[in-house]
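Coming up is one lone chain in structure tokens, specifically the form predicted alone.
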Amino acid sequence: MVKAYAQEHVYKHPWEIVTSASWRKFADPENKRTLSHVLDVDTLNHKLDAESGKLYTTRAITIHAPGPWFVRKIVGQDICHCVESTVVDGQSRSMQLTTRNISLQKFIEVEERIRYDPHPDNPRGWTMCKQETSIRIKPLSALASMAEKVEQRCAERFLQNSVKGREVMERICKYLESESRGITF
């Protein structure tokens, strides 16, 4: 069984500000409290394709993924390692992020896709964010009867963290906009 959801959010900030905020989301020390589930982020690779002008980046993300006590007992840990692949196309003003877990794969598969594009109604002033997440608990005899409940709990946690992520993005966008106007906090 797969639990999937999609959500959209409009940032009332230009694409350049929103995508800059996306890069800073995990690096800003002020966001550590809000995004406390994110333990570490390391850039593994980044490459600018000279012909296409696209930027390709790969980051390793370590998160604290607490679940119900019985799941932790079966899995044996509550730390999850993920890989985030990002493609930024400055010409078409598109940023696509795909994040997948690389640990705990024999128990759970999670894939999150986020795309930032200029909003069609106000392409210079607003940015459309589309997020799709799928969560699949692997069929284990110990978890078979609980798989749907665990997937639901994981989806709820992802939705909660998405709200926190948007809050952080909004805060960084406002900071970047005030910084570009020469105003400091």
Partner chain sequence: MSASLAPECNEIKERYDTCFLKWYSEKYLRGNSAQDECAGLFKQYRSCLNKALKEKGIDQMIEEARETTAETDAEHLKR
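Positions refer to the first chain, counted from 1. Computed from a predicted model, the values in this text were never measured in an experiment.
FYI, the form predicted in complex with its partner chain isn't displayed, but the following is about it.
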Using heavy atoms and a 4.5 Å limit, would one call Y11 a contact residue for its partner chain in the predicted complex?
no
Do E16 and its partner chain share at least one heavy atom pair within 4.5 Å in the predicted complex?
yes
Answer with yes or no whether G53 is in contact with its partner chain in the predicted complex, where contact means some heavy atom within 4.5 Å.
yes
Is D28 close enough to touch its partner chain in the predicted complex, meaning at least one heavy atom pair within 4.5 Å?
yes
Listed residue that, although its partner chain is not shown, lies within 4.5 Å of it in the predicted complex (heavy atoms), from Q160, N122, T43, Q152
T43
Using heavy atoms and a 4.5 Å cut-off, decide whether Q7, A65 and R136 all contact its partner chain in the predicted complex.
no
Any residue of 99-117 that, in the predicted complex, places a heavy atom within 4.5 Å of its partner chain:
R100, I102, S103, R113, R115
